[in-house]
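One chain comes next, on its own, written out as structure tokens in the form predicted alone.
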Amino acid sequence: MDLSDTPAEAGFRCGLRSWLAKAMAELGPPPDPADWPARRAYDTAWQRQLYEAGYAGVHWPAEAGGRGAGPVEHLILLEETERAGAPYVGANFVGLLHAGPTIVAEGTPEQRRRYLPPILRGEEIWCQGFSEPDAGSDLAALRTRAVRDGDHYVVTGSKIWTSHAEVADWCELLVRTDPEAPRHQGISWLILPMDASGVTVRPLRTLAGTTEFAELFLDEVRVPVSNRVGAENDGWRVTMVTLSFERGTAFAAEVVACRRTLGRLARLAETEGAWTDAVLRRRFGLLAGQFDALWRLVQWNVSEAAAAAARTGGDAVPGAGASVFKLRFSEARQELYDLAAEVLGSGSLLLGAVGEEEDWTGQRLQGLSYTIAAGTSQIQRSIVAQRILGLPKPRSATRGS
């Protein structure tokens, strides 16, 4: 695989870098992380700027409002926006990085026309309703049920750790539509309107003091059948598409951010006098190498997905290699902020900005969720063992299938 830019890709990168320099100079300061309405306004305004400049959904189809470019341009966008210190997708995370791509791959033409352009324009925010209180990491154990009633499903149940529910317009929701079917069957993937009657959101406060997660209660909520993505009872397969995007590319920009943070931490280590410690410097070098390798793994995953799509005529969906990336990235990110705590010493005990602009402690606490979100590290190891190494399923898993 040739990792250097072609002349066309170099031109795209140059134009983007110039636009970012001008846009960043005019950008105001970010809002208080705890003020979700303000965060929504800030994040969607930035998304609108990207859209109007032609940089929203660069790899999405043109009929969905995207640029119709390839995955390489998408990676260039991620790399350059993070390098410029531009806002990340923020409140629009679920819509842009896995609900939207899932609808591109699995949605009907009507669903693509209805739901994709507002995501790219920053007009509608999505949340994720996958996890349930009694299921833990066992997503197939979900019990929220949907009963068909004419042209609607009647949905009853509850979800937990529902990302961005507090400000969301739509929810990618997993429901059980056939309670008699085996665990991984009888599930459907629905688009839930968050303003529907019977929807209640209760924010959860995390260790870092934020409310990016919430409990979601569903009391006989009516969802049109036309909001189902994929066939009825085929939701597990659609979910694997969603999770492939979430594990394979949704965290890609954060690798670039981590490399930038590591450089800033190295400068602080010099200032604080910690740089004289050879063991500590070795840890910096090891992490720098890991983040470089993770970025190359992102490129490989995207390249493999594009090649598979070209062979089959389908969409570019990351494969099992996404789990390798998710597993190692989530752990490397925790190691980065553990290292920051050692460098900063007692200053790392305070929540809020320390040193430069980084909220080191808040980021360290938030990082604990990375080895759980999008499937725990144990789940990722099982996928790698079975789908890449070809090892058999454990007996407990085969009994439950």
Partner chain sequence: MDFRLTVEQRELQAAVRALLAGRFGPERLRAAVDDDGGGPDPVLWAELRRAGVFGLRGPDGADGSDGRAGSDGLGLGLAEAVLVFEELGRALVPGPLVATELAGALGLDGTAALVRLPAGRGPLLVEQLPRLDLLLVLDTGSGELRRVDPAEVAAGAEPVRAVDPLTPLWRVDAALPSGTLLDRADAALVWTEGTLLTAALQVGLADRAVRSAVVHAGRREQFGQPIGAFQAVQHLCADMLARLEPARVAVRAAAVVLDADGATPAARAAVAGAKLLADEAAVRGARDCLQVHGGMGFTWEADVQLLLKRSWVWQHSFADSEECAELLSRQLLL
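Please read all numbers here as calculations on a predicted model, not as lab measurements. Positions refer to the first chain, counted from 1.
Unshown form predicted together with the partner chain; subsequent notes refer to it.
Although the partner is absent here, A23 sits far enough away that none of its heavy atoms falls within 4.5 Å of the partner chain in the predicted complex. When contacts are judged by a 4.5 Å heavy atom cut-off, A293 counts as touching the partner chain in the predicted complex. By the criterion of a heavy atom within 4.5 Å, W161 is excluded from the residues contacting the partner chain in the predicted complex.
In the predicted complex, the partner chain lies within 4.5 Å of some heavy atom of I388. Of the candidate stretches 233 to 241, 88 to 96, 322 to 330, 152 to 160, only 322 to 330 has residues with heavy atoms within 4.5 Å of the partner chain in the predicted complex. Judged against the partner chain in the predicted complex with a 4.5 angstroms heavy atom cut-off, the residues G263, L297 and P392 are in contact without exception. Scanning 265 to 283 for heavy atoms within 4.5 Å of the partner chain in the predicted complex gives A266, R267, E270, W275, A278, R281, R282 in sequence order.
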